[in-house]
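Only one chain is shown below, in structure tokens, and it's the form predicted alone.
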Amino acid sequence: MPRLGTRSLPAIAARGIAVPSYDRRGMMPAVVHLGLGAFQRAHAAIVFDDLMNRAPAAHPGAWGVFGVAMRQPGLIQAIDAQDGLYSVRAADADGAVVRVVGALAATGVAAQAPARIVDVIGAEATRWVTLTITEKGYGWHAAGGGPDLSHPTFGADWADPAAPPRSAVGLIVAALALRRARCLPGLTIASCDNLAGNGGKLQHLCFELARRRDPALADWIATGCTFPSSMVDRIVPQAGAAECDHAASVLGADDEAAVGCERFGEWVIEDHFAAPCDDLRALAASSPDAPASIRLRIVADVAPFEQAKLRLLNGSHSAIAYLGASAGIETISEAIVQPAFTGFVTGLMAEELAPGLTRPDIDGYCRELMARFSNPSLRHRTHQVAADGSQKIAQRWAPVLAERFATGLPVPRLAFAAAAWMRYLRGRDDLGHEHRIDDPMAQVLRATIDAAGPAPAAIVPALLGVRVIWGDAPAANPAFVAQVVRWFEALDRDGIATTLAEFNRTAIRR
């Protein structure tokens, strides 16, 4: 079977599969994306591909992307061997659609050649930088706010601003210094990660590192660059061999960079750009019509969409993941269709996560989420969603707890979810299978548990006292601590299925 590449496109198009309609030979990287992975390739890269498919023939390749892997070269090697092409399969309960995306004009690996990445961001053709480096990639101190100088890469850039940059923020600041030296304009720099107010946080980190390097550079960034907040809503499981096998059967060509995702997709971005983006606005004003496309919204305030996504999708996702993984359930869809999970998550969203949110049609969004969670074609692993819990809980659960404590509102389901996270940290599911805790704070959490001893009554306040995760409110609320202790003890003793059934039967009435 041939490999996906430029020469295979006519045969793939003959199968009725959408392929790039623009001349890819004319692409110049206008966007540099930091953190190339499945998530970005299933959302922003598709938007840029749509823009180029719609562009006049006189302006092909106007939104080409330079994709940057931060550390590992494997994906880059696969994409380069395919002339920058890859396929996306977007599926729901009604079936799947497939397209080939051609937005990647070039690639690089930051850890191997940081100077090259800095030079590309500093090039005249570059207009945007986008990021999907996960919550833990920024060097933001979740509890205290501002730069986290203990962060392994951001901290290193802070300690020696003149050294080759190691962090994403360090790369951006070094490149902006180069643009200033070259007398080039500033950039639109957009985080697409699950951080509340991600634009403001990224801006603050860049300003602080720039001031440490050169106060005049920080002033130049403030006047010439914009950092719009943005929110991406699309479930994208980790890519793997099964996705590649499916792509080969559909394309008639091997695709070692194939991506699978759900059909639903939304990118909401703040209307705050460093240069006019008329074509982007035109795309946002239209309805998605290409296969696997996502809805683009340009809005004055991203917060209503961002908060709804962080709390309802991501917050519920984490709860399903910790319960499901500890029960020995492999995927989110297998867990959520079980009646006990369905009832718990429906109540969690309606009673504790949704109140106070201002996204339009919040009830419809919740109903849609339940259908999305149950999508069997995604095969979204519970352990994947459970990873990096220390970073996610701080964004998804802790703010809700603080708000509800302040107004005296109950949080029984979040107490149960917190107990499920602690049960997950045991590292063994109800079937006796061991699992690794994939978390940047794994050693800290393990040490906290060991120091507390084996009793849930000691472990719970110790873990809730990890301020960088939970803030101050949960550990200072005796009623909440008691609820978590009760359910942690029950989960340890009776397992997920029995305890969840008991919770659904009795806890809410009390």
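Because the structure is predicted, anything quoted here is derived from the model rather than measured. Note that residue numbering begins at 1 and tracks the sequence as displayed.
From this point on, the text means the form predicted in complex with ligand CS2, which you will not see here.
Listed stretches are 76-84, 104-112, 214-222, 388-396; the contact stretch with ligand CS2 in the predicted bound form is 388-396, by a heavy atom cutoff of 4.5 Å. The partner is absent here, but in the predicted bound form a heavy atom of D233, alone among E270, E352, D233, D439, sits within 4.5 Å of ligand CS2. For the options V118, L280, L425, L313, the residue carrying a heavy atom within 4.5 angstroms of ligand CS2 in the predicted bound form is L313. Put simply, K309 is close to ligand CS2 in the predicted bound form: some heavy atom of it is within 4.5 Å.
Interface membership of N194, defined by any non-hydrogen atom within 4.5 Å of ligand CS2 in the predicted bound form, is confirmed. When contacts are judged by a 4.5 Å heavy atom cut-off, R166 does not count as touching ligand CS2 in the predicted bound form. The closest heavy atom approach of H246 to ligand CS2 in the predicted bound form falls outside 4.5 Å.
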